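Coming up is one lone chain in structure tokens, specifically the form predicted alone.
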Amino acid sequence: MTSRKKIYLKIVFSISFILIFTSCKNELETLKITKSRFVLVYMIADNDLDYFAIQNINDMELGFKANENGDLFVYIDRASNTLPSHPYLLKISHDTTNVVTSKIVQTYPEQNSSDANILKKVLSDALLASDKTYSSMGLVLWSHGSAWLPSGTSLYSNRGDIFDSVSQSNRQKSFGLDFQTQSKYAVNEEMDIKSLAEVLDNYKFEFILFDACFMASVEVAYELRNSNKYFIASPIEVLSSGFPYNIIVPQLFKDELDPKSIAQSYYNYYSNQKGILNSGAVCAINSSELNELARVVNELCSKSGTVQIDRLSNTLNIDSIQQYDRLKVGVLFDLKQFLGIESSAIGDEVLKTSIGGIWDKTIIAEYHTSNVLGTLSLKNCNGLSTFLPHKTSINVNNYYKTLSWYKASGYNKVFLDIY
């Protein structure tokens, strides 16, 4: 081969290498640029929370910048005395005014937004409202809430109150409270957690965030474990102002979501408030670890034997365990504290260490103020509640037995003396 031919081949090879490298680099850059997140905020505000929902949407507009890497949609079902009172879907755009200026991309007839199938349709509609292909999805569920409790039961909460004026108490149920008028009668429709899980299991969200009271429950998180990577919620009452959306919205669109940072922003907001408004608790969960948590708890239950729980029992007095509702009706107990008591009782140090290890992997962030609205101490708060079935609780035991956590955790082995 001549010297000139060798030089020619080297040049051709070099140019080809540069072109291939440049092409790969451009493809990687294109992938990086097109990586985006779809986020839907599903607001059931056809109740006493309507005023606060509009405030929160305004905060979302403030926090959502034009260069956010994704799209933010809000579905809102407003109270019947508002205009418009029918539900509609917004595509959020940045705005600094006190007026909601985002574009309405779809309207709906009056409907029961607490029906999980309506949520399913809205998710589909919002995805169709954009011509983009998203690399990940996020979901915010905004309304009233009371953990896993079935329709017809309730927990006391002040979420619907404005605390600097004359307040009126309200009671809230399940997730999502939609005030419906049927013929001459008015009813409150609610969303069952199992129905919610059935719909959401068709998706894999980067995160599910509950802006609703009491939803940081292991029963709720476990029921929804297959539909999300991270689960963010509060074990106590969420005040009317909800999450500080002007702060957390940019965090929801980071390429690498940081659930700990989102939880900390929530805590920082409420820990800086004065008086009774200094009230907040939140946890972030790595949902992929929930099955292992259930397995370890099941091992503990297998060694514990029957656990009788009441206010008189020598084995476990419920008044000795952190509760999360201010009336202490015996529904929401601190899960970690209960596991610590039981593991100490059986004296298995290896199992106790295992429980601590999986807890730290599952609960990746937990923050709380010292109390709830100046009344309920959070001294033993660890961020995640559970139900401990007992005869003195409200009559929900039969429903509780249908939840996935009941059997997966081994609760069915130890809580035998219940209705």
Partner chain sequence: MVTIRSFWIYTKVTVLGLFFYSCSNDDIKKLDSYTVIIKNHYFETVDSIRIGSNFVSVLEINEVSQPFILEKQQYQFSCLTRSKLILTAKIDVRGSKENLIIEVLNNGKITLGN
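Numbering follows the first chain given and starts at 1. In this text the structure is predicted, and so the values were computed from the model without any measurement.
One more form of this protein, predicted together with its partner chain, exists but is not displayed; see below.
Partner contact for Leu327 in the model of the complex: its partner chain, 4.5 angstroms, heavy atom: Heavy-atom contact with its partner chain at 4.5 Å: absent for Leu327.
Within 4.5 Å, heavy atoms only: does Asn202 come near its partner chain in the model of the complex? Asn202: no, not in contact with its partner chain in the model of the complex.
Taking the shortest heavy atom distance, is Gln273 within 4.5 Å of its partner chain in the model of the complex? Flag for Gln273 set to no.
Looking in the model of the complex, any heavy atom of Val99 within 4.5 Å of its partner chain? Val99 lies outside the contact set for its partner chain.
Go through 264-272, 142-150, 336-344, 79-87 and give me the stretch that gets within 4.5 Å of its partner chain in the model of the complex, heavy atoms only. Only one stretch qualifies here: 79-87.
Just to be sure I understand the contacts: of Gln251, Ser124, Thr107, Asn117, which is the one whose heavy atoms reach within 4.5 angstroms of its partner chain in the model of the complex? Result of the distance check: Thr107.
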